[in-house]
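In the form predicted alone, a lone chain appears below as structure tokens.
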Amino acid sequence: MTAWIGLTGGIGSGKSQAAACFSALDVPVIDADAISRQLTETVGSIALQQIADTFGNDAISVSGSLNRAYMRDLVFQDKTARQRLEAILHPLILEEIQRQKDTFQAAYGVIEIPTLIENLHFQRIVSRILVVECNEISRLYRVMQRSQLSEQMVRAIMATQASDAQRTAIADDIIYNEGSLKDLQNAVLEKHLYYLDTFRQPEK
């Protein structure tokens, strides 16, 4: 039976790069964000129908997918709106994660979930929590560079997420991503060897 590690971290911490490092080691990786994008980019999907019913037609772009700019501005300014969106998406994401989990057989796998700390229902589907940590200034710079978002918007996103202290308090394992890509690869390799030793099934 595959054990699943919940991989998380604040926006810009490098959790997706860490997930890529695990994947390069042939570890099964499930990406909750990728699932969310698929749900909200598939024209006519159940998710988009429910979003349109809840938030109106402005929430859907002319192409029929999610109007990301509109919804981003809405949910990061209105906590209630964010909770309503999560109530639509999270059950569908959980269902797809479970479907993907059933396709793998390995000692362990990784599920990358940005909002793992904030949502208990995601914590219930993992055996351990691995947090990627990085200082706030570095995270802010990374996100602004890659996403072309304003500092104000990035800080608004950060404000909706768990604090560093909250993530550290619940983490079983931590990777500090303050160095080079090689440093991160080495840190992931160290965790990989530990997880293999911890979760390897005994030979019959």
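In case it trips you up, residue 1 is the first one in the sequence shown, and so on. None of the values given here were measured: they were computed from a predicted structure.
One more form of this protein should be noted, the form predicted together with a small molecule, which is absent from this view; the next part is about it.
Only one of 68, 37, 155, 146 lies close to the small molecule in the predicted bound form, with a heavy atom inside 4.5 Å, and it is 146.
Of the heavy atoms in residue 44, none are within 4.5 Å of the small molecule in the predicted bound form. Residue contact check for residue 186: none of its heavy atoms lie within 4.5 Å of the small molecule in the predicted bound form. Contact check for residue 181: a non-hydrogen atom falls within 4.5 Å of the small molecule in the predicted bound form. Within 4.5 Å of some heavy atom of the small molecule in the predicted bound form lies at least one heavy atom of residue 16.
Although the small molecule is omitted here, in the predicted bound form all of 10, 112 and 142 have a heavy atom within 4.5 Å of it.
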